[in-house]
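A single chain, nothing else alongside it, follows as structure tokens in the form predicted on its own.
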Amino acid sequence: MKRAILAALGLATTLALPATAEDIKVGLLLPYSGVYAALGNDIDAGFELGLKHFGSDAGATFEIVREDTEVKPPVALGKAKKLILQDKVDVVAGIVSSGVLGAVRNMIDGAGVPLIVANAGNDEATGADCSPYITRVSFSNGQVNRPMGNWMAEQGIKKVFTLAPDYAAGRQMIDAFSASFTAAGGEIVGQEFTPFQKTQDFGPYLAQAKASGADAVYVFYAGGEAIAFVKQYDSFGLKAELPLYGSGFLTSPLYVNAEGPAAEGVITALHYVPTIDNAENKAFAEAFTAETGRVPSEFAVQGYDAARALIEAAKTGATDREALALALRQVSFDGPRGKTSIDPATNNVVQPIYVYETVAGENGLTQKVLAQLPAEADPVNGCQMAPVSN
């Protein structure tokens, strides 16, 4: 039985070796170009590292076929069809954008090909649009933000102003925070959704927040918008008088250094930061940095754990599409994030959430963990699937 890990180099390439009964062909469907290319590259690097660390335990070999979604749903659908029908992959992994996930969902479900989602957080993907063939190892939008409502209320914060970009993820993240914060006795004194990828001047919104009477501001922004928002919040002079909180994508390790000192003191919550204190994370963070020269981000660990989930499924003896899909619904392991498992009622990941403050470290900005919030399964939220049966 071969135990070597086969990983092709470059886009849409495969290693030209004859298939065996133990071969598992993996289609990596990620953005290797466009606005989310950095996220795709971190997920890819994490996936490769996961195969390197755990692949020898699987009793199978892994062959990778890469395709670039370009973060364009029609392009991604065409690439998914190629992977499934032409390349005949056994499993697909990746997907950064929720829009791309929505575009390929019916193709995946209809073809009966297991998909391991390594980023896209749309709540509906493991809610009303769930599928026994779609398993998410990253996060859901509600999962990251819901615990912060209770936590901030427990810190004595009574009034909050919220901001987010005006698209599905922005609204889902803020809705989850607002529901738990008000349930804990807090009050949302103002709320704005800014035009997505079109807002360059946050000044008018920051003026509203300042005049709202809020004790704090809670936001979701990611990527370039996060960098611009954090810098403008600081330059507007708000940080000292109106503390800034948010979803951890606001100060992701992937781009926090681009925010610079403006990010210091910002408190956010996420399912992974590179400073989590456990042996699994220490080994992962050191190996990822050695391989890539950069600190691992939440995207890197999502790729790493996507590979780990596939390997754990393969260890049950599953190699074909149907068996892999079933095994993925029952995966559980101790990883860099802590105890990580799949809830078979929704196929969404169950994991701790970490509250952290961005602080200055010896080698630049780093993450000081303030609290580890308990892992909780998402509400079923309209998901209807047959229970797991072996």
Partner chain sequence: MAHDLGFWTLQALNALQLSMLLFLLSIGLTVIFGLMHFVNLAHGSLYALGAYFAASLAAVGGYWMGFFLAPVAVAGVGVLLYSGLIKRMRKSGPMAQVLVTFGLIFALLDLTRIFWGDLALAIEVPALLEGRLAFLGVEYPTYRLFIIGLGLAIFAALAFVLSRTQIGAMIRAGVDNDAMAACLGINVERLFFIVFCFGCALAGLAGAVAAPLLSVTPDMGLQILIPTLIVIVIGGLGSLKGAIAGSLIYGFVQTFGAVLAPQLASVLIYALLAAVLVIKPVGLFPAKG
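Computed from a predicted model, the values in this text were never measured in an experiment. Residue numbers count along the first chain shown, from 1.
What follows is about the form predicted together with the partner chain, which we do not show.
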| field | Interface membership of A360, the partner chain in the predicted complex, 4.5 Å heavy atom rule | value | no
| Would Y167 count as a contact of the partner chain in the predicted complex, using a 4.5 angstroms cut-off between non-hydrogen atoms? | no
| request: Please run the contact check for A285 against the partner chain in the predicted complex: heavy atoms, 4.5 angstroms, yes or no? | output: no
| task | Consider G34 of the chain shown here, and say whether it contacts the partner chain in the predicted complex, taking contact as heavy atoms within 4.5 Å. | result | yes
| message | If the criterion is a non-hydrogen atom within 4.5 angstroms, does every one of D201, A211 and K231 touch the partner chain in the predicted complex? | response | yes
| query | With the partner removed from view, which of 250-258, 149-157, 103-111, 118-126 is the stretch that lies within 4.5 Å of the partner chain in the predicted complex, judged by heavy atom distances? | reply | 250-258
| message | Within 4.5 Å, heavy atoms only, which of E192, E312, D215, D175 is in contact with the partner chain in the predicted complex? | response | E192
| query | Of S235, N278, T289, T182, which residue is found within 4.5 angstroms of the partner chain in the predicted complex when only non-hydrogen atoms are counted? | reply | S235
